[in-house]
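Taking the form predicted on its own, here's one chain by itself in structure tokens.
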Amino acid sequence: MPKTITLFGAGRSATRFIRYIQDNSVKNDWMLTIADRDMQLLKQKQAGHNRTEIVAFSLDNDQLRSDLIAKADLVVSMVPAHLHIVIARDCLEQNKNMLTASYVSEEMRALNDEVEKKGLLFLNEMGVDPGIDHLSAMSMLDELRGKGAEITGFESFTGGLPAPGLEDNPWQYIFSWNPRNVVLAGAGGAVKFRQEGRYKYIPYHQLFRRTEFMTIKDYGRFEGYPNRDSLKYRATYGLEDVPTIFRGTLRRPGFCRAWDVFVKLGMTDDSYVLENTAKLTHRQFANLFLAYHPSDSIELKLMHYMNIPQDSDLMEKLEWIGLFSNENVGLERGTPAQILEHMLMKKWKMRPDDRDMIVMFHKVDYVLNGKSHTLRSSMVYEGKSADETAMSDTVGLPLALGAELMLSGKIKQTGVRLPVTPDIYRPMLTALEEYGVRFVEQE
């Protein structure tokens, strides 16, 4: 009897997951059902595959959602993260295992006791970040602890960036994932981490000025800014007493200083809607956030307000993005953040021949036999095109490999779990290496 995988959501990140399941469906006797509201997209993802069924579906169709889950041996959710809980409750009711690539929400975590009681597994954070970062970090930490090392510091960074070859773009950045998440990055409150035994907090308006730099062999320099709550994984990683814990996001040098201009001006604010934006130009949008002056240009006002020197490359970046152009924004209404996102899409949307890459970097400080050491681990994975992106591969591939482990019965855990134990990270990392996701370690 074939095993059925039901996938909710057929967006860009689902591409690699679907292809892996299809390519291995005969060998493993799998059937795949893909449910999404976009029938045209579904037909593209099905690609005539005879073990793939497609269903036009809206998440608020309770009966159809229940029917699709009822026939599944494994449910995979790639809908927007806040909607996972709807599918999770149905899975719990119908005794079905579940898999997602998203951060565990408090609502999902609250289901743990019931999921355990029923002997089910809801495996989350199985994408790239979160996901591959957990696999690689726990492998490093467990190996060092197995040698008797005392961990004294842990830092981890991930970034989705253009692959080398985009020299005409001074920001060295394109949208390879949800643009809204990029525009609102860090806006959810103060970032928390721990450094040399002290708790540190960075408010949003300072976030992009508190960066650190690193070099990765063959790919040059990067800068990292703090990401979310670094302290949330202390217990998960067994780092409760470690003096330094820091998680961050990677960009190319200069990006954060330029992005800080948008933050300081208020362009990333998503809390109110602007008035009369139908005929607003890029230039007028910039001027909304600057003081009135009867004769100074917008450029001069901005340079004065932000203390930007005349010879700074910041102005080149802002000009290249079209901030001072007379082009219409082209959005009838929106918050400052929505208008900024709409403007940036014109320059940062991936073109057919653009390629992206995922860069991941870990640094572990430890003491072994009375001596201090630092172990660095890095991974760079390049995409092939705007359709076959590194982002899609590194989200979809671990999710597919996780599905394979779950369907084969090789994971014995139950409850709401993360991929931080050897029974998950060892086979996952071995399989990912075969697909080019390789970590290089250096003392």
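Start at 1 and count along the sequence shown; that's the residue number. Quick caveat, the model's predicted, so the values are computed rather than measured.
Here the subject shifts to the form predicted in complex with a further copy of the same chain, a form of this protein not shown in this document.
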Quick one: of Gly165, Pro203, Gly238, Pro80, which gets a non-hydrogen atom within 4.5 angstroms of a further copy of the same chain in the predicted complex?
Pro203
One residue of Asp218, Glu196, Asp311, Asp353 in contact with a further copy of the same chain, assessed in the predicted complex (non-hydrogen atom, 4.5 angstroms):
Glu196
Answer range among 167-175, 340-348, 104-112, 264-272 for contact with a further copy of the same chain, defined in the predicted complex as heavy atoms within 4.5 Å:
264-272
Among Lys43, Arg89 and Leu120, does every residue place a heavy atom within 4.5 Å of a further copy of the same chain in the predicted complex?
no
is_contact(Thr281, a further copy of the same chain) in the predicted complex, heavy atom dist at most 4.5 Å:
no
Taking 4.5 angstroms as the cut-off for heavy atoms, does Leu290 touch a further copy of the same chain in the predicted complex?
yes
Could you confirm whether Arg210 comes within 4.5 Å of a further copy of the same chain in the predicted complex, counting heavy atoms only?
yes
State yes or no: in the predicted complex, is some non-hydrogen atom of Tyr305 no more than 4.5 angstroms from a non-hydrogen atom of a further copy of the same chain?
yes
